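Presented below, as structure tokens, is a lone chain in the form predicted on its own.
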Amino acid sequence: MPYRSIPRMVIKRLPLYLRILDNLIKRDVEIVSSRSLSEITGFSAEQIRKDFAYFGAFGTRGSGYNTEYLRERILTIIGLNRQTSVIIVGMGHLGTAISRYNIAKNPYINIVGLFDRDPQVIGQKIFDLEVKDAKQLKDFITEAKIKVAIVTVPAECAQEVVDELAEGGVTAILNMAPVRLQVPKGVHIHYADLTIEIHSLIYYSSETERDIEELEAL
């Protein structure tokens, strides 16, 4: 089956499996079963086996998976077997935090460009990487052949930025702005809205209070 036809949720689970395998390898665990992965992830063992089956046979039934081999296969499937160059547009608090973490902690991607429009931010450095003027964005992504970008600009600026990224040749975008955007065919965009995640989380924090109120109303 072509990778393009793999369900999106399967693709989104692969990085989680990769993180688990990284940790298992650090602990010198050589073999892991789908049952063990199920206990760690919360997904069923059947679901995990089905996810892997989209990409071929990774292990022997009853014997589990070799952690090193499985990790290498997942790296290749995602495209992390080679370091990917990524840019970040919008160097406010969120963009700065994301860039600091990924420059220091993420071995699979290479942050190569930071961009902003604010004259007070342009020229600042995060580690050894200098924030560039957003006016240089299109030329930079074209010359460096950038395919992946993270957008952390205000909502009202996001569509303009994404349009410029797409025109320059970026084909994969993570949008952190709280707005839905239009992208041309062939450009994939993922959304991460932290405010929505926090608000939906509060529902669960209020669940006990609602239960008590319902009992008192009986």
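If you superpose the two forms and keep the largest set of C-alpha atoms that fall within 1.5 Å, you have the rigid core. Residue positions are given as counts along the sequence shown, with the first one as 1. What you are looking at is a predicted structure, and each value in this text was computed from that prediction instead of being measured.
Below: the form predicted in complex with a further copy of the same chain, not depicted.
Heavy atoms, 4.5 Å, a further copy of the same chain in the predicted complex: which of 169 to 177, 63 to 71, 45 to 53, 27 to 35 makes the cut? Say which one. Flagged stretch: 169 to 177.
Evaluate residue 158 for contact with a further copy of the same chain in the predicted complex, applying a 4.5 angstroms cut-off between non-hydrogen atoms, and reply yes or no. Residue 158: no, not in contact with a further copy of the same chain in the predicted complex.
Though only this chain appears here, would residue 97 touch a further copy of the same chain in the predicted complex if you measure heavy atom gaps against 4.5 Å? Contact with a further copy of the same chain, yes.
Quick check on residue 123: any heavy atom within 4.5 Å of a further copy of the same chain in the predicted complex? Residue 123: no, not in contact with a further copy of the same chain in the predicted complex.
Decide whether residue 163 counts as a contact residue for a further copy of the same chain in the predicted complex under a heavy atom distance cut-off of 4.5 Å. Residue-level check for residue 163: no, no contact with a further copy of the same chain.
Going through 69 to 99 from first to last, which residues have a non-hydrogen atom within 4.5 Å of a further copy of the same chain in the predicted complex? Residues within 4.5 Å: 77, 78, 79, 80, 84, 93, 94, 97, 98.
After a core superposition, would you say residue 199 shifts its C-alpha by at least 2 Å between this form and the one not shown? Yes, residue 199 moves 2 Å or more.
Given that the shift is 3 Å or more, do the Cα atoms of residue 103 and residue 175 end up closer or farther apart in the predicted complex than in this form? Closer, not farther.
Did residue 70 and residue 103 drift closer or farther in the predicted complex, going by a CA distance change of 3 angstroms or more? Between the C-alphas of residue 103 and residue 70, the gap narrows in the predicted complex (3 Å or more compared with this form).
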